[in-house]
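There is one chain below, alone, in structure tokens, taken in the form predicted on its own.
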């Protein structure tokens, strides 16, 4: 019996060291050497202060900023841990709402948002990402169409010419990966930081 246990135990220790220590250290070392910004969370700095990540959306509510796509993430209710409360862009609880297309709550929320955005946009056609949440609830990007819909509001709130704000949107529109994969998109945090650097 011990003849069989000894090689099994040695193999267990060896595989634990190789796959549990050596391999993760090697992958971490290569990632830090080849792409350190991405390996450390794609953080965005303003001066010496971390203001966010390129990969996680943030909740902008002021008219002076472009708004991100809706987030359906939640957090435990501090008053009753059997329930949850809305917690937009909660990176610790990435998820969609899981409401189906016949959900009254979802339909009512989309109708209310669409009516509000229609007033703000002068009745222009709304892109889908203006009223729908992403599957993760953390999407940092919006479509150029949704960004264009917000240009007049942001320009008015900041006292900037509409053309200048539209130019910032164009400058911060990212192309498709390798020119083929994905869609054109605008990183909301990067765009809002560029707005803060703009002079009226």
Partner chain sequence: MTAIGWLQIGILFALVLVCVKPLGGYMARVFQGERTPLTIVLGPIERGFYRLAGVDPAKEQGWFAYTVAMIVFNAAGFLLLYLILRLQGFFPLNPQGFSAVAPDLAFNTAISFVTNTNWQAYGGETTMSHFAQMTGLTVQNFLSAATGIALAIAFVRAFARSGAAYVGNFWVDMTRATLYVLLPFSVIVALAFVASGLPQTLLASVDVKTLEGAAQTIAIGPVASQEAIKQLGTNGGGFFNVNSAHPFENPNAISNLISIWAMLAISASLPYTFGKMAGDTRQGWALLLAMLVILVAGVGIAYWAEAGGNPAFAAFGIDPSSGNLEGKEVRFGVVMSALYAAVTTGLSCGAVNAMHDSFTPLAGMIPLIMIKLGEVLPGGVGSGLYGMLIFAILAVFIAGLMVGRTPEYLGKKIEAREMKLAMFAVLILPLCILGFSAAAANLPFALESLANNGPHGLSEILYAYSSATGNNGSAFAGLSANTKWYNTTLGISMLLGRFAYIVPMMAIAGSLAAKKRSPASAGTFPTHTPLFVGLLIGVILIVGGLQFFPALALGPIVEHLLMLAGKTF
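Numbering follows the first chain given and starts at 1. By rigid core we mean the largest C-alpha set that fits within 1.5 Å across both forms. All values reported here derive from a predicted model rather than from experimental measurement.
The same protein has a further form, the form predicted together with the partner chain, not shown here; the description that follows concerns it.
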property: In the predicted bound form, residue 94 touching the partner chain (heavy atom, 4.5 Å); result: yes
property: Residue 150: touches the partner chain in the predicted bound form, heavy atom cutoff 4.5 angstroms; result: no
property: In the predicted bound form, residue 79 touching the partner chain (heavy atom, 4.5 Å); result: no
property: Contact test in the predicted bound form: residue 119 vs the partner chain, heavy atoms, 4.5 Å; result: no
property: Contacts with the partner chain in the predicted bound form, stretch 10-26 (heavy atom within 4.5 Å); result: 10, 11, 12, 14, 15, 16, 18, 19, 20, 21, 23, 24, 25
property: Core-superposed C-alpha of residue 20 shifting 2 Å or more between this form and the one not shown; result: yes
